[in-house]
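One chain comes next, on its own, written as structure tokens: the form predicted alone.
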């Protein structure tokens, strides 16, 4: 079974947003906790405020991204990096051989591994891809990076192009895909099916890249990769977003807090009897829990299940009486009721029943 390597872009976004050294180190620690070991950062972005990366490098291997036309290889060497990604436009090949030869010689002198990142490659035809592959094969590049950050490709075209490139070049191929049209996860899956093992992602899709958690989960569940998910995956992803002062939407696929929330009586009854009816996977797999929302759509099963979890058994008559109160309150406040409100209703109901008996 192939092993996948993730090249993170969350850290690069944090540098672009000029986060503090402490924030960057904390983010790197969380990324390592997710099993991410590689991160690409834009050297031009780093230069704008020059953060200290020593704390980051305790957790992540960094690769510098720099222009092929004006490569900042000395800066990559100064920052202790072992590799660089030389970025050029795939459709514009002016002085390509001259620039690449010069950059490769300089990188070799500095003991830097050089990858070639080809922007806008998604718009090229098969003959154009073959021509580029022939040129690149003349150099000892560490890898080719299929760069579609502008999201011009779709899963079908990406698969076809990557199959061609993999067959034509003599080095590994990576992908770096943008999510402007919400296709980055699908395109990443297509890339993996084509044979790619190095994928650029960002936690929760921060910065417009393929969301790491979606790609990881999809290759595991849909393509059968034996990938061990980190414990509390959803929690760590939310912490990583919080470092950048962002919050993960409640409904975010895979890691959203509310994706396993159920209110409707029919849903609650079904999910308790047979979870796969309404849940595509077990919440515990990603560190989440099933939530029973109590509101105007709730039924007796939800009420009984909720109280059972608190160690309180309800008789049918008690449950019906309580459910009427729940629905009245939920309609009045135009929202679901909280656990505290539910317990208050229960205690109030008990008092009334005891008073009626005396």
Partner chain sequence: MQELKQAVIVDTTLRDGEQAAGIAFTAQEKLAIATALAQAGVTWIEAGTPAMGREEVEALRLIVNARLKAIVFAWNRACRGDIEASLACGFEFLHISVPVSDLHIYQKLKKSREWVYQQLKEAVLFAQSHGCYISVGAEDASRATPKQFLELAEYSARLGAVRIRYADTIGRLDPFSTSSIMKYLARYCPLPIEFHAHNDLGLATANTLAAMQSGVVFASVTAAGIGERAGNAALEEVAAAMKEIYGISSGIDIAAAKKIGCQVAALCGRNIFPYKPVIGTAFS
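Whichever C-alpha set is largest while still superposing within 1.5 Å between the two forms counts as the rigid core. The structure displayed is predicted, hence computed values, not measured ones. Positions refer to the first chain, counted from 1.
The protein also exists as the form predicted together with the partner chain; that form is not presented, and the subsequent description refers to it.
> Even though the partner isn't displayed, in the predicted bound form is residue 198 close enough to the partner chain, meaning a heavy atom within 4.5 Å?
Heavy-atom contact with the partner chain at 4.5 Å: absent for residue 198.
> Does at least one non-hydrogen atom of residue 267 fall within 4.5 angstroms of the partner chain in the predicted bound form?
The answer is yes: residue 267 has a heavy atom within 4.5 Å of the partner chain.
> Do residue 160 and the partner chain come within 4.5 Å of each other in the predicted bound form, heavy atoms counted?
Yes, contact at 4.5 Å.
> Would residue 111 count as a contact of the partner chain in the predicted bound form, using a 4.5 angstroms cut-off between non-hydrogen atoms?
Contact check for residue 111: no, nothing within 4.5 Å of the partner chain in the predicted bound form.
> Residues 38, 63 and 224 are flagged as a possible site; in the predicted bound form, is every one of them within 4.5 Å of the partner chain by some non-hydrogen atom?
Not a single listed residue reaches the partner chain in the predicted bound form, so no.
> Just one stretch in 83 to 91, 98 to 106, 213 to 221, 133 to 141 has heavy atoms within 4.5 Å of the partner chain in the predicted bound form, so which one is it?
Within 4.5 Å of the partner lies stretch 213 to 221.
> Heavy atom within 4.5 Å of the partner chain in the predicted bound form: which of 170, 78, 251, 282 fits that? Just give me the one.
Checking each option against the partner chain in the predicted bound form, the one that comes within 4.5 Å is 251.
> Quick one: name the residues from 144 to 170 with any non-hydrogen atom within 4.5 angstroms of the partner chain in the predicted bound form.
Contacting residues: 151, 152, 153, 154, 155, 156, 157, 159, 160.
> Once everything's superposed on the core, is residue 324 shifted 2 Å or more at the Cα between the shown form and the other one?
Where the cores coincide, residue 324 still shows a C-alpha shift between the shown form and the other one that is 2 Å or more.
> Superposing on the rigid core, I want to see if residue 29 changes position between the shown form and the other one - specifically a Cα shift of 2 Å or more.
No, because once the rigid core is superposed, the C-alpha of residue 29 moves less than 2 Å between the shown form and the other one.
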